Each structure stands twice: as structure tokens, then as C-alpha cells.
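In C-alpha cells, one chain follows: the form predicted on its own.
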Amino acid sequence: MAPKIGVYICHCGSNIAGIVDCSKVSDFARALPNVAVARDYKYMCSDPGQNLIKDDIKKLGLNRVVVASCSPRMHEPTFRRACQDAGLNQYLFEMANIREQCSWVHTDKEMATEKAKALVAAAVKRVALHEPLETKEVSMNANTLVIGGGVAGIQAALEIADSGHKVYLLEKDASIGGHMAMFDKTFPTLDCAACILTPKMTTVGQHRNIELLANSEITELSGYVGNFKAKIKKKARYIDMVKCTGCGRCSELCPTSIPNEFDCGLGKRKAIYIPSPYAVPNKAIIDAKNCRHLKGKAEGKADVCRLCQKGIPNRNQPGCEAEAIDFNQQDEIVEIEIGNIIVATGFQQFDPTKIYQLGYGRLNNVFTGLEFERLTNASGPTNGKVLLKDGSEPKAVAILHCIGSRDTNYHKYCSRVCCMYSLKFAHLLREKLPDTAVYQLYIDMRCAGSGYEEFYERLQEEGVNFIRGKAGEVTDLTETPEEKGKLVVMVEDTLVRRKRRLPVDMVILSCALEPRPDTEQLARILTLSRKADGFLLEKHPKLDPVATTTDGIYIVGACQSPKDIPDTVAQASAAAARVLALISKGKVEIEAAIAYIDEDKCAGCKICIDMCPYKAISFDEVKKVCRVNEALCKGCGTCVAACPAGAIKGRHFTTEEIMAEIEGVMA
């Protein structure tokens, strides 16, 4: 059948029409070979615009459609559906981008119009060679894997589990809770973090539809949306989880004390310990690196220590009465099958030792934000008392904003939460130490959120001193008697236009949020992309902020970008809704524009296997040829370009179609 093409030029309001003469482009298109009709309209993506296409397909018998408008990534599905609704195969459609690739990047109207004509000619030339393709459907496994047990992972897991579907909640640490479990209060409402988080943690631990995999990590992922297979490494805990009662007797007997990471190293824990007062699971774990018995066992010594297990008989102190300690326990690999994955791995705090002049790690009483969280927490190393390292109370405290954020030397981005948690710290200090002077050193205050600006105004009324200026140095070199024995913060106050020296007893560094160090490894396992700043890349920053380019895998919370708790929880619920929508549908549609291999031409060199970013190609050991998994393939074309034998073709992106498009541009 001869091509009968309809061409539609979108004004996109003034986005395109402000630079491109759309009527001239439609007149040009009308004269192109095989074009039966050409129209221009203000908003082609609107219902009236789509109805133009549908009516012309039905009345004029169009068998090909070209729309020249904005990015195909944004509206190609819209116009494909319009074609389908009118009875035309969706792959007999082609889109020309005359916004991002034309009007938005040019100022010369005449040249922009000529370029738009060339892009339209290319699309018309190409669409004439399009062939109808049919999408396929695969079944959907209703199980979901949530990676990360912080507030984001907890929220997503509960949303899905409460709907009656199985969830595997994977947590790298020994307990869920993440960073929020370390906090004292949350801004701006000053809710107790533990009070609002621990009920959710407990529900997760007891939920019949949630299988909690703590102290575990994902090592391998295969399959595709609806049918993933994940290998999970369950690290040895050296504790029988069924027998352990969480009584804590073993910790009392252990002779080894080391810095407690949950308290940011400010407190101590034993080599056998329960991670936190409200840990879930509330079971002990043995730190193999510091356990005397396990270290001795690795060195070939038969019976070292084991006080936690056998006790101290001569002091009438029995060991673990539940007989839950198992020093022979080994790491275990389990394989699970899931249909969707939600990644909620969170963030890490910027290490301020990189900024030498601020004194962290070399001057006493310079703390990070997380360290101060633990100081003010009732379950922290000082039972909630704000104390200096010598045990005294500070008389003056400086809180330094934007440490590692908004800094071209470290991270250019704003970490969003630093201003607000700095204000929270000031309130806690004024509440617990009313006579203590509190200084906030800021570049500018960013309080965008419900109740955030009001909280800022409240702090101004509480007597907090605000100094607009970024601290240049923290030093213990004093110049005056009142500075003796204190830390001196040197800052330029830009409001009064003079340099100041602030003698204080404590400095709190409001550090940036940055990607976890294992983000790169996780991205490789899950075939995810990362942004320039290291965070995981979403499919679209505005229209699809929780999805990724890998179907069936979603990202939520601070692994995608810095964000506060309300935004994190909202994003987790959004991802859960996306997963539940797929589960309720029961099947998932697979893209038809994918690669295929001509087995007669395939030499079995396996180059395509190594090149495929989606792990969609495998090798048939019997036939000695490569094969494409249609459910995994995204039609990126990498294998097509790499195949030395020309055995791989890309549907909807054939050599003939691409060459025709080039000829159209060059004509």
C-alpha cells in the first residue's frame, strides 16, 4: 500500500511559534511526496489537536502520521494512542522535535523555520518506510522487593503489604529505621522522631506480608519487569533469630567495647550488641571484625573468650540462656522472584574533614549535624544532655550552614534540609540551655515547605543570633582574654559589612547530604543511571520522578536527591501506587521497537552480550548463536552498531529508515 501521510505542526503556544513560522512549515510539508494533508494547530497534544489526527485517519484514509512538536519522550505515547484509537498501528507514527531541537536553541526566525522544514522532511521520508509492529504482554509477579529500610523503604513496604501483596524489605544494616531512627525531633512540628517512626518499624517487623531481610544486600539481578530474579546475600549474624529474645545479657558479658556507629562514634557498644534501643528486628548481632572468639577462630585458636555464650560460672553469671549464639553460622545466598523493585537506599552525610579549616576531627567540640542529633537524643550517649567533651555545658554555640553544599569545591547542589535542621538545633539548644548564646551562620535561609518559614520566624523570636555569612575558619588560636580556651569562628558578616571573630564552646557543622558510597555498585547491579552529582537518575524530573529508565524499578527518597521526610514519604507512597497499579493489571506490555538477531548471520562472537547495557542478550550454547530477550531489550541500538557481522537489526530503527531520515534532512 502506498504511503498516505498526514503531517501536523504544533505551535506549542509560543514555545515553537514564537521562533518558527508554523504556517510556512505546514505549507512546505503539504508539497512533500506522499503527504495527503498538512495542518498546523496551537496545541496538538490537546483533545482538539488529537481529534484532528483521528478524524483525518478515518476520513482521509491516512496510513502514516507525522507530528512536529516537542520531545518524543514527553508526548510520543500521547500521539501513538491517538493513532491507535483511530485504528492505525501506533508504530506507523513518527515525531519530529521542533521545540528542543529547533525553537529553543535558535534566535534567528528564518533559519529556525528552515531547520523545522528539514526536520519535518526527514520525518516524512522516514515514516514512509515504517512497518506495523505488535506489542507483547508478559505476566506480572505480585511480589515486590524494597531495597533500603529507612523511612522511605518502610513507607513503600507498608503501602504495598497493606494491600495484601508480598514484600521483601532488604536492609544492609542489622536494623531498619535508617537515619530517621537517629534523630531526636523533626522539623518544623518538633514531633519526636522515634514516636512517629518506631510504630511503623514495629508494624514492618510483625506484618504477615513483609519478609524482613536485615543485615543483607543484593548481589545480582536478572529478568525484566514483572519477572525479576534477585540474589540476596544474607550475612551471618551469628545469632539464631528464632531463639534470641533480645534480653541483652550477652552484651553485658562481652569484654570488648568499641565506638558505636549508631551514636556516630560518640558512645560505645560491645562486639555483641542490639543495634539500637528500638531496633527491628530486636535481636543481637555479633560484629565479626571485633569479636575475640571469631578473630581467634580465624587465626586457628580453638576456644577464645565465648563469655557471651558460656558466661562466667565462678561469678554466677550465666551466658545466653536461650542458646541463641551460633559461632558456626555462615553467609547465605537466597534467590527471590519479584515483579517490581523500589530502591530507597538513602544518603550519607558529607565528611567535613575534607574542609580542613573548619577543624572537624582535629579540634575538640566541633560536631557534625548527625553527631549533635545523638547528643540531644534521650537514647544517645549523654542521655539527651548537650555536653562538651569535657562534660561541661556550652555557653555559646555556632551552627555553620552549607558545609559541603552549594560549594563548587564539593557539591554544587543545595541539600534542602540543612537550613531547617540547623534551625531545629537552635531551638533545642535554647530549650535545653536557655542561657546559652546560639549563632546561625548562613548564606541565605531556604525555608520552602509547609510551616517552615513560620518556624524560622519563631526562632528569631527565641533570641537566636543570625549572621549572614559563611564561616571562613574555625580555630583555637586566640587573640583576646575572652577567647581563651574557646573555639573562634571567623566570619564576614555581609549585613554589617565587617569581619567578626565569634568565641564559642561548640561548633555544629550542618553537612550536606550526598549519595551513599555503594550507589555506583547498586546502579550497576540494577542497570540504573546516575546523575552528575552521583544520585540515581529518574526517568523524568517533573512528570515521572519515581520511575527509572529500567521498567519495573523505582527510586524514592534521598537516593534520588536530597529531600526532607514529608517529601520522602510522599515519594515512597507514589512509587507504591505505581507498583500496585502494575500488580492490579496483572500483565505488563513490552515495547515492540527492539533488536532481533538473524541466526543465519550470527557468528556467536558474543560482542553484543558485553555491549548490551540492559543485559538483554544471552548465548545459546546448543546453536552457538546469540539471542535477544524481548522483555529486557529497550531498543537502544548499541548491539546493532556493535555487531561485526551485521546480524542484529533494530525494529523501527532499520538502516533503511535511518538513511531515509538523513536524506530528508539533507535534501
Partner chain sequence: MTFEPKIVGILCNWCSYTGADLAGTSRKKYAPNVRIVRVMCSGRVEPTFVIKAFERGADGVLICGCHIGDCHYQDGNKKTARRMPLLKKMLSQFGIEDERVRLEWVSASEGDRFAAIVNEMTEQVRKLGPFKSNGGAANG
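Since the model is a prediction, treat every value here as computed from it, not as a measurement. Each form is matched to the other, and the largest set of C-alpha atoms that superpose within 1.5 Å is called the rigid core. Numbering follows the first chain given and starts at 1.
Keep in mind the form predicted together with its partner chain is missing from the figure; the text below concerns it.
All of V105, T527 and V665 within 4.5 Å of its partner chain in the predicted complex, heavy atom check: Affirmative, all three are within 4.5 Å.
In the predicted complex, which of the listed residues (V640, I57, V37, V628) lies with a heavy atom within 4.5 Å of its partner chain? Exactly one listed residue reaches within 4.5 Å, namely V640.
Of Q90, N227, T198, N97, the one that lies within 4.5 Å of its partner chain in the predicted complex (heavy atoms): Of Q90, N227, T198, N97, the residue with a heavy atom within 4.5 Å of its partner chain in the predicted complex is N97.
Evaluate K563 for contact with its partner chain in the predicted complex, applying a 4.5 angstroms cut-off between non-hydrogen atoms, and reply yes or no. Contact with its partner chain, no.
Contact with its partner chain in the predicted complex for D263, defined as at least one heavy atom pair within 4.5 Å: yes or no? Answer no; every heavy atom of D263 is more than 4.5 Å from its partner chain in the predicted complex.
S163: touches its partner chain in the predicted complex, heavy atom cutoff 4.5 angstroms: Outside the cut-off, so no.
Could you confirm whether K185 comes within 4.5 Å of its partner chain in the predicted complex, counting heavy atoms only? K185: no contact with its partner chain in the predicted complex.
Just one of 549 to 557, 299 to 307, 280 to 288, 177 to 185 has heavy atoms within 4.5 Å of its partner chain in the predicted complex; which? That would be stretch 549 to 557.
Any residue of 54 to 87 with a heavy atom within 4.5 Å of its partner chain in the predicted complex counts; write them all down in order. Contacting residues: S71, P72, R73, E76.
After a core superposition, would you say C608 shifts its C-alpha by at least 2 Å between the shown form and the other one? It does, since the C608 C-alpha is displaced 2 Å or more between the shown form and the other one after the core fit.
V65 C-alpha moves between the shown form and the other one by 2 Å or more, core aligned: Shift at V65: below 2 Å after core fit.
Does the C-alpha of K634 move 2 Å or more between the shown form and the other one once the rigid core is lined up? Superposed on the core, K634 moves its C-alpha 2 Å or more between the shown form and the other one.
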